[in-house]
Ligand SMILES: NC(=O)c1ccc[n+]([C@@H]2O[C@H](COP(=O)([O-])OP(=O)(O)OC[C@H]3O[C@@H](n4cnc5c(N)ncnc54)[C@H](OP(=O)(O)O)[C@@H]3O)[C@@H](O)[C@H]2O)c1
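Below you'll find only one chain, the form predicted on its own, shown as structure tokens.
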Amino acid sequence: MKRPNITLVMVSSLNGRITSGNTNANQWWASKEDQRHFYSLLQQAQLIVMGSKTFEASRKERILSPQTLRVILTRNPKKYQKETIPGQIEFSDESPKRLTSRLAKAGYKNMLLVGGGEANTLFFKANLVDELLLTIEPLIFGTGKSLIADGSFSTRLKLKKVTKLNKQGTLLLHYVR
């Protein structure tokens, strides 16, 4: 059975930061154009995967839907047991390969991976990311989390398309494997 096509969607500063400082939120610095793009992808998705820190940071904006399964990667799924809603939100400590295999068997053909850095790294290390939609905001942060956590791996991608989103110079880069 073919695994789902995995598209990583992220917003980053010019220097590769997906957060500013110690906060996991990016709503205050991501452009309106990027936010519109991101939320349109979320609305279309049937399967969204994220790490637990991204889940915690997005609690207030999260709207569940019976048409969309959200899988939260966590080392401790039991911590979130009361928040599980079958078919809408689940918590998993499966490896990316095991998770994508299970989701393929359930009939999912496409997955949005929405971060953060640790989850991104796990999927890149497993060589599972097929596409990267990366918005680059014209900002530089001295501190913050990186698009990819530290790890020993390398992945070569090919630039498919560049779209300028606004006059400030926000760019949407579409890469494929």
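Note that residue numbering follows the sequence shown and begins at 1. This one's a predicted model, so the numbers in the text were calculated from it and none came from an experiment.
The same protein has a further form, the form predicted in complex with the ligand, not shown here; the description that follows concerns it.
Although the partner is absent here, Glu118 is a contact residue: one of its heavy atoms lies within 4.5 angstroms of the ligand in the model of the complex. Put simply, Asp93 is close to the ligand in the model of the complex: some heavy atom of it is within 4.5 Å.
Contact check for Leu99: every heavy atom lies farther than 4.5 Å from the ligand in the model of the complex. In the model of the complex, the ligand lies within 4.5 Å of some heavy atom of Trp29. Against the ligand in the model of the complex, the set Tyr80, Val114 and Lys145 is in full contact: each member has a heavy atom within 4.5 Å. Only one segment in the set 104-112, 50-58, 63-71, 124-132 has residues whose heavy atoms sit within 4.5 Å of the ligand in the model of the complex; it is 50-58. Heavy atoms closer than or equal to 4.5 Å to the ligand in the model of the complex belong, across 5-21, to the residues Met10, Val11, Ile18, Thr19, ordered by sequence position.
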